[in-house]
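A lone chain, given as structure tokens: the form predicted alone.
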Amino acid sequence: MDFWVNCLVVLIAMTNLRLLGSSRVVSCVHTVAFQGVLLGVLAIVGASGGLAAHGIVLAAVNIVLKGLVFPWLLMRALRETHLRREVEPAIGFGASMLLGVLLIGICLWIGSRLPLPVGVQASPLLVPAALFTLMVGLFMIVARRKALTQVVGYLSIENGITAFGLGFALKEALLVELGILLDAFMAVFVMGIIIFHISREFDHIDAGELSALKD
């Protein structure tokens, strides 16, 4: 079982590298959706002591919301804005990949300094992967110029928070976890509406151009 958990955690880390290296927005949306599905599967495979209703519900909500609903909302916004690629990022994609490799090393070092509490059974790679997912999300929000790509970064941050929570899945209240997912759903829904109105008003969704607006 530990082998499959580690495989899923490594796959999650690899999806982050794909987010850093891809210029196609559709590919980024599909990647973050796949990341959400992996987290849902991880909630089932990594359940210690056998499957519980808690883990099944958490996995189902992750897969449905992050694998289906969120991508549908983002793809709908993508069709409305006719955006295809992140053309002029603040940091190039090659440099982003190199920075991602560096971040992996940093997260592995931090993870070795942050052992899980006594009694909590989880993969030793889970904390580094969660940290890496969080950092990649923050990086995309800062280094990408298109608002839709920044929303993908926000979802990556939420996925990192979820990955942290999976290490304590048997300790945390299901209501709290579902509340976080509901907040993410509302955030993506509102962001999609805002992006649509920005595109209709200004004919682009380049967040960098917003700083040039004057009264």
Partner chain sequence: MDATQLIHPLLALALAPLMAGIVNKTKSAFAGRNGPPVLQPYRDLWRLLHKGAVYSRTTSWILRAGPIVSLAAVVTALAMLPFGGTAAPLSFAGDLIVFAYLFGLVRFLMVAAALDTGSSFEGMGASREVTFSALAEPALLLALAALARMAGSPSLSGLLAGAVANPAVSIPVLLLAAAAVGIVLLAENARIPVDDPNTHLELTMIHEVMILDTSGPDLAFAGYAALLKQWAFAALLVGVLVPWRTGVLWADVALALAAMAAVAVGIGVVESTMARLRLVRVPQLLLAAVACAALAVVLVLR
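Positions refer to the first chain, counted from 1. Only a predicted model underlies this, so the values are computations on that prediction, with no experimental measurement involved.
The form predicted together with its partner chain exists for this protein as well; it is not shown, and the discussion that follows is about that form.
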>> Counting any non-hydrogen atom inside 4.5 Å, which residue from 143, 135, 125, 78 sits next to its partner chain in the predicted bound form?
In response: 125
> its partner chain isn't shown here, but in the predicted bound form which of 97, 110, 73, 91 has a heavy atom within 4.5 Å of it?
Replying inline: 97
>> Check for me: heavy atom within 4.5 Å of its partner chain in the predicted bound form, for each of 13, 17 and 101, yes or no.
In response: yes
> Looking at its partner chain in the predicted bound form, which residues in 128-156 have at least one heavy atom within 4.5 Å of it?
Replying inline: none
